[in-house]
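Given next, in structure tokens, is a single chain: the form predicted alone.
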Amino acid sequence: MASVEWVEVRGPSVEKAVEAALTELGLESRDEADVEVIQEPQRGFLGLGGQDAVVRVKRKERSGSGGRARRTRSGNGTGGRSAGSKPADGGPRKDAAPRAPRESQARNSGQRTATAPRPAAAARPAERPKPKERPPRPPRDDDDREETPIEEQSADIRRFLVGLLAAFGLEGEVKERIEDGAIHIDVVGEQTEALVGPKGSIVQAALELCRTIVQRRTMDGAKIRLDIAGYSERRREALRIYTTRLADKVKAEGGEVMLEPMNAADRKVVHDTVAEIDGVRSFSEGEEPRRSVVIAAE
């Protein structure tokens, strides 16, 4: 069987994609291959709609090389041979079962492109059963936590965030309010942007710490809504715009589209936005932390 002479690979960066391609070709050095960059990586708006880099890497010609064969795989090694590929000798595969479309393979591996539509499945039920909610865990006999008033929970969170700003040497203000049984905390100030992080990672980490602080004192912690430097509101607005565009595309072309994995708060924004648009519906698929929203035509 002839060896693979070139591959087309996608990855988060050109370097990662080339590295994966060299491994696929069994090459030890980039000097042994010709590299063609088909697409540079692109960053999305607030982490949405980004695109991977795509490269085509070819083994440098040498005497006695065999026929050509093509592979397409993701930069992290989760892809496979493309659906229409043929054996290296060029002969047709008559006995091979048809392969699943590329997008379906990517979905199974957790690498599905956020904006790629897929045909609606005829056997898909109209409504998917919701997962069963876990019954509340009974209190332990040795649990000495007491029910703490929501005002005290809010004060604990405020003290923690004020100390966090001081620890980082940042100037800012922590504002708190209680609405509908939930604690809303806003950290504002020009320097507080440093506590946002890539795709809001530091905001999410600070939120988890706030929840931990409350849960260590009380058996029944309130819901916490944290926003730092206005990031959460900007992301919600970006999600609403992004979801509306995808929903319009699904209405026009049919089928359905899967978004990138999101946390529960972001998924709720998408579901609420879709609910206001006629002709489309939404549901969630996958397991945490890689649970995604699917927008489908009705």
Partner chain sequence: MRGEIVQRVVEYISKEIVENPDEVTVTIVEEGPDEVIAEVRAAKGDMGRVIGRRGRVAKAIRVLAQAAADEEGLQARVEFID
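For clarity, every value in this text was computed on a predicted model and none was experimentally measured. Positions refer to the first chain, counted from 1. Rigid core: the largest C-alpha set superposing within 1.5 Å between the two forms.
Below, we refer to the form predicted in complex with its partner chain, which is not included among the displayed structures.
K.L.:
Counting any heavy atom within 4.5 Å as contact, can you tell me which stretch out of 199-207, 218-226, 147-155, 173-181 lines its partner chain in the model of the complex?
P.N.:
Flagged stretch: 199-207.
K.L.:
Do V188 and its partner chain come within 4.5 Å of each other in the model of the complex, heavy atoms counted?
P.N.:
Looking in the model of the complex, residue contacts with its partner chain do not include V188, since no heavy atom lies within 4.5 Å.
K.L.:
If the criterion is a non-hydrogen atom within 4.5 angstroms, does every one of G230, Y231 and A238 touch its partner chain in the model of the complex?
P.N.:
No, none of G230, Y231 and A238 comes within 4.5 Å of its partner chain in the model of the complex.
K.L.:
Could you check, with the core superposed, whether the Cα atom of E28 shifts 2 Å or more between this form and the one not shown?
P.N.:
The answer is yes, as the C-alpha of E28 shifts between this form and the one not shown by 2 Å or more after core alignment.
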